[in-house]
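In what follows, one protein chain appears twice in different forms, each by itself as structure tokens: structure 1 and structure 2.
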Structure 1
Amino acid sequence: MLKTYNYPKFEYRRPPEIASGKTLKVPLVVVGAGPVGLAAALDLQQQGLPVLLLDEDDTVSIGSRGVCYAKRALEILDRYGVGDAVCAKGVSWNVGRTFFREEEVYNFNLVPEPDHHRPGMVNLQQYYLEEYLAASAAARPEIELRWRNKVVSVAQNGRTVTLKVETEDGFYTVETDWLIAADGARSPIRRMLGLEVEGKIFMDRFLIADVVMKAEFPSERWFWFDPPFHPGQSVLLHRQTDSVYRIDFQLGWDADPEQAKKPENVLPRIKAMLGDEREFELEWVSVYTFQCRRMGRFNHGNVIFIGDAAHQVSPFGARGANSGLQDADNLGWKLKLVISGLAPAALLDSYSEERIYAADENLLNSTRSTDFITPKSKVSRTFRNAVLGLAKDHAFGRALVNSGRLSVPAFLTTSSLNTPDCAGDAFSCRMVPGAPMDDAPVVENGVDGWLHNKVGQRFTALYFADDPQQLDAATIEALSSLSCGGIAVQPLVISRREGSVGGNIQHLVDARGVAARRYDAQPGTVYLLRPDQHVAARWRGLDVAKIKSAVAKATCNA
């Protein structure tokens, strides 16, 4: 057990179906209460769906796993009610240093871009994130959490999925319309359904040591290539919460993991790295290998795979948990529309399509980082070392150094849900159809807030105005009409000037024009935002028919 963290123990309750012998019939089951399964349960609950969440364990993740949560993940976590807790407990860092052999070749300062609610990255041990998500889920009666309930068989039969669940008191059966498999990289559901996941294992091993520093040590990310204390390999040092530092040693494929993990072998490595005078305590040690692979598609009828169950990447770039949270974000609203009969099941194909696009981007970036960090041939190592040598003095060399490209959301520019810009509508910003929306500071009813927290979980038409008092009756009527009909679109007026809008339409003030700049907006510009805060379409003028047809396109109703 860890010295800095007490694992919560979640209560197991005897499922009533064991005594009754009845089959439990529910619309929706999520299997796996890791960060991604919990996120999916919370997303679906916010969509108004009841969720049964099954997990074979009764605590959070043990030991060292995910560390870095990127801005987009934090924005999503805001909607699940844990963004503040994660940011308050997590460690923000900006400075990264890269060393080659004895010397520092360069450093970077990821100064957070001003006028965004959340920083670029927060470091926090995964168990804290899970603890907060589990508490948020437990507070919502629509989510039924069953700990120590293990799915031992799964069968797809037409419109339903039948699960056999094992507990310490015996077995019971669940019949569900939809099954979300968030059961991790080794996904038993995937295996039981005989589904394939394709990719490769990287022939390398890494040693993770989490140490508690007794002395002050900077909140920075340090990355060494070929350091004197670990020749020929790479080492990463990263700060987490509670003065716990993650140290990641590349070991090479031939290392014996059992030997490498022994304290008598770990301690000298860390001492050599820190210098003997710094005091520390070992908190956790493990050895891992990793795989880069994904399923051919993420939805199989009424079974949908999310997170590591669907795709796995190398840890370089923190693209695992971050992309899993985006899976949940992408899936929730689509499943709700399909279950409600407002969209055809084909909308779930777009979940697979869009998240495969994102997974491939993550796989590409993490594979490129891996190839730079652990060159596979002599010439590749020569180029890598040449880049590191040039990086010290030349900016172009620094651009080529790749010690991990930190997780950013995919711009879903090729998605079939996008409505392309109209020929006459010229925009010069990056908020293209498919883009994850940029944040901006806004004021609503005199209270400071963030654009991100004003939208999401439903379609929104963001209408840019100059002076809200000047909106004519026809515009107000057109905006108001959007919230009627099958798939409602929430109208949201945003303007540089203060004032009120007629017709009870929600209004935000963009006092410094940050939103207008980021969205390249002029008075009359409209953005249609999806429930997952991606841009679906944009126009230079308000046209209700165009908005309706873009909503139809974004929901496979076109």
Structure 2
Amino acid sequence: MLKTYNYPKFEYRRPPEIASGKTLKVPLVVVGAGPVGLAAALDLQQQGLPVLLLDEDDTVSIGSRGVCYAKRALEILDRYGVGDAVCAKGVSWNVGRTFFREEEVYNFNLVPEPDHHRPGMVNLQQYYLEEYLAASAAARPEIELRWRNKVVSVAQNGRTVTLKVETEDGFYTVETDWLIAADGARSPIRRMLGLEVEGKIFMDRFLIADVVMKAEFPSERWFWFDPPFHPGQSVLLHRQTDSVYRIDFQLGWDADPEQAKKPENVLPRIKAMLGDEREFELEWVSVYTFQCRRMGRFNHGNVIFIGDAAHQVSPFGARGANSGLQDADNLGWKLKLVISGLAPAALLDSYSEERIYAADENLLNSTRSTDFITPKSKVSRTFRNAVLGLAKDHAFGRALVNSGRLSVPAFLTTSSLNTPDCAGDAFSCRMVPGAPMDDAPVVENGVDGWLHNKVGQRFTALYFADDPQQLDAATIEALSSLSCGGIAVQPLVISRREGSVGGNIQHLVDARGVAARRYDAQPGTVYLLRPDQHVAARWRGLDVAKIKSAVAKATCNA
């Protein structure tokens, strides 16, 4: 166990089905209570769906796993009720620095502009995130958490999925309409269904050493190529909470993992980096290899895979958990509409389509990062070192440096759910159909807030106005009548001026014009946002028929 963290023990309860012998029938089961499975359960609960969550363990993840949570993930976590806790406990940072030998050759800022609620990254040990998510889930009666309940078999018949579950008191059976597999990279459910992941394993090994120490390192990401304290290899340093620092040492493929983890071999590496005079304690040591793989599709009948069960990437770039949280965010509203009969099952094909697009983007960036960090030939290493040598003084060299392209949300510009811009509707901003929406400071009823926290979990129509009190009756009536085939669309007026809007329409004040600037909005501009806060469509004028058509397209009802 760890010196800085006390692991919680979640209560096991004897399932009543063991005594009754009856099959438990539920609409939704999530298997795996890691960060992605917990996020999926919370997302579905917020959609108004009851969830049974099964996990074979009774605590959070053991040891050092995920560390970095990107701005988009933090915005999603806000909706699950844990964003504030993560940011309060974690270490926020925006700046990363790259060194070649002893010199800094490149740095970046993840959020170079002001007026964003969340930082570019927060570093926090994964067990804290799981603890916060588990507490949020346990507080919601619509989520039933069953710890130490292990799924040992899965079968589906085209209509339902049947699970056999093992506990210390015996076995019971669950029948569900939908099964969400969030059971990790080794996914037993994937294996039970005879499904595979495809990709590659990179021929290199890295040592993770979590170290407890008092140090003056800033809240930044530092990456070294060929440093004097670890010549010929790379090293990554991240500051975490509780005075814990994550250090990753590249070892090479020939390193013996068991020997590399022994304290007598780990301590000299750390002392060479930190100096003999600095006191520290080892918190956790492990050795890992890079994997970049994914399933061919993420939905198989009534079983849907998310997170590491569906795709795996190398840890440089923080694309694992961040991508998994976006999987949950993408899936929840679609499954809700399908279960409610408001959208066809084909909408779930778009989950696979969009998240495969995002996974391939992550895999490409992870593969490129790995190839740059671990060159496989003398020629590749010579090229890499030449790039690093040029980066200090030349912009084109800095553009080629790749110490791990950090997680960013996918711009789903090729999605079949998007409605393209109308001819003549010219925009000059990045909020294109398929883009994750930008945040901005806003005021509602005199209270400061953030645009991101005003939308989500439903379709929303942003209507940009100049003076809200001058909206005519026809516009107010149009904004109040946007629902499409039983799918509600919430109107939200954004203006530079204070005032009220008739028809009980929500109104936000964009006093400094940040939102208007980021959305290139003029009076009358309309954006249709999906429940997962991606742009579905945009127009220069309000047209109810066009909005309803875009909602139909975004829900596969067109």
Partner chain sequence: MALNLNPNFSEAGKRYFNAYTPADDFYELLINTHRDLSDEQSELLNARLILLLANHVGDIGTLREALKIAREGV
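Just so it is clear, the model here is predicted, and its values are computed rather than measured. Under this definition, the rigid core comprises the largest set of C-alpha atoms superposing within 1.5 Å between the forms. Each residue is numbered by where it sits in the sequence of structure 1, with counting from 1.
Both panels show the same chain in isolation, but it is structure 1 that comes from the form predicted in complex with its partner chain. After superposition on the rigid core, the Cα atom of residue 276 is displaced by less than 2 Å between the two structures. Superposition on the rigid core between the two structures places the CA atom of residue 154 less than 2 Å from its counterpart. After superposition on the rigid core, the Cα of residue 414 moves by less than 2 Å between the two structures. Structural comparison between the two structures after rigid-core fitting shows the C-alpha of residue 106 displaced 3.6 Å.
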